[in-house]
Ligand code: NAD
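This document opens with one chain alone, in structure tokens, the form predicted on its own.
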């Protein structure tokens, strides 16, 4: 089947999801025309945070109309690298928002962290099809974000393998028939480690995910299982179920990406190799299907798949995230902001792995009890960003105190 023509923007092009998306685009276009920049998929905009060389390389290969580097200090370097290419170059937060608001009809929202909120919201406001790989849009601003999706008539397609799996097998026409949904988790690199061993985990060990190729921040989140906690909150916004209808199960092989259980006893699962190109291909071709050059799942070779309950004692981030979801209001926004700070401090070697969740928990407690800004529900994107900034400031201060102790 031929791929229908599509203009796309990739917010976060140099990250793992952005590069996987462009690998699919390259395959499609080369098959159609012999060139990465010609074919059914026209790349309009690419953005990156600081990776100037990587962004310039992608620009030369895909020839977008515009590239944006978030770090304004890198603008001169980007201009030099792309001099004479005909590609428009821009930098900074306002340019990122403009990238989301551009002419592309399909936008990959793959900027990691709260930095992806504003540009993704711009794409939503223009009624685009948004492939959502950024967790923070729903974790930090779920109700506000979804209200804008509805008002603008945008199409929201989840990219996370778990939510994408549920999306593929969820009966949206009869949601009352759904008994529960179950998110699967690999368990991360420390699944079999004791609590005492986990305390001494290093950044290098935490980013060594056993199944998936991901960026450092998401890999650490997978190691703490905070990633699954954030996905729990996302799922509560994406699917018409109650929080107590969302379960989590550890599945080390990462080939069953999630389940939907129905009230008649049926359980539907989506399966595939642990390759992000699979869910990305689903969103890129939606509502059709496309050929993707990914490894096919061979169940006979796999032999055995297994499941186990998560250990909340060794991985308290899961309970913390569920508590934030149940509390509502600003709690998920604070959870996410504090976690970003704590993970960054851990990766920089300034505090231990076990202190990540401690910082998040203390930030939620402090903001809720002592700061009016942390007690109410945000009603606008500006509110969310204000809460986010306040939580980051306190979490960074507390991280410094912990490191100095």
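If you're wondering where the values come from, they're calculated on a predicted model, not measured in any experiment. Positions refer to the first chain, counted from 1.
FYI, the form predicted in complex with this ligand isn't displayed, but the following is about it.
- This ligand is not drawn, but in the model of the complex it has a heavy atom within 4.5 Å of residue 13.
- Proximity of residue 133 to this ligand in the model of the complex falls within the 4.5 Å heavy atom cutoff.
- Using a 4.5 angstroms threshold between heavy atoms, residue 70 counts as touching this ligand in the model of the complex.
- Proximity of residue 341 to this ligand in the model of the complex: non-hydrogen atoms within 4.5 Å are absent; the residue sits far from the partner.
- Of the candidate stretches 342-350, 27-35, 59-67, 44-52, only 44-52 has residues whose heavy atoms lie within 4.5 Å of this ligand in the model of the complex.
- This chain lacks the partner; the member of 138, 166, 96, 226 within 4.5 angstroms of this ligand in the model of the complex by a non-hydrogen atom is 96.
- Though this ligand is absent from this view, in the model of the complex it lies within 4.5 Å of a heavy atom of just one residue from 218, 236, 284, 278, which is 218.
- Interface residues of 159-198, taken as those with a heavy atom within 4.5 Å of this ligand in the model of the complex (partner not displayed), are limited to 160.
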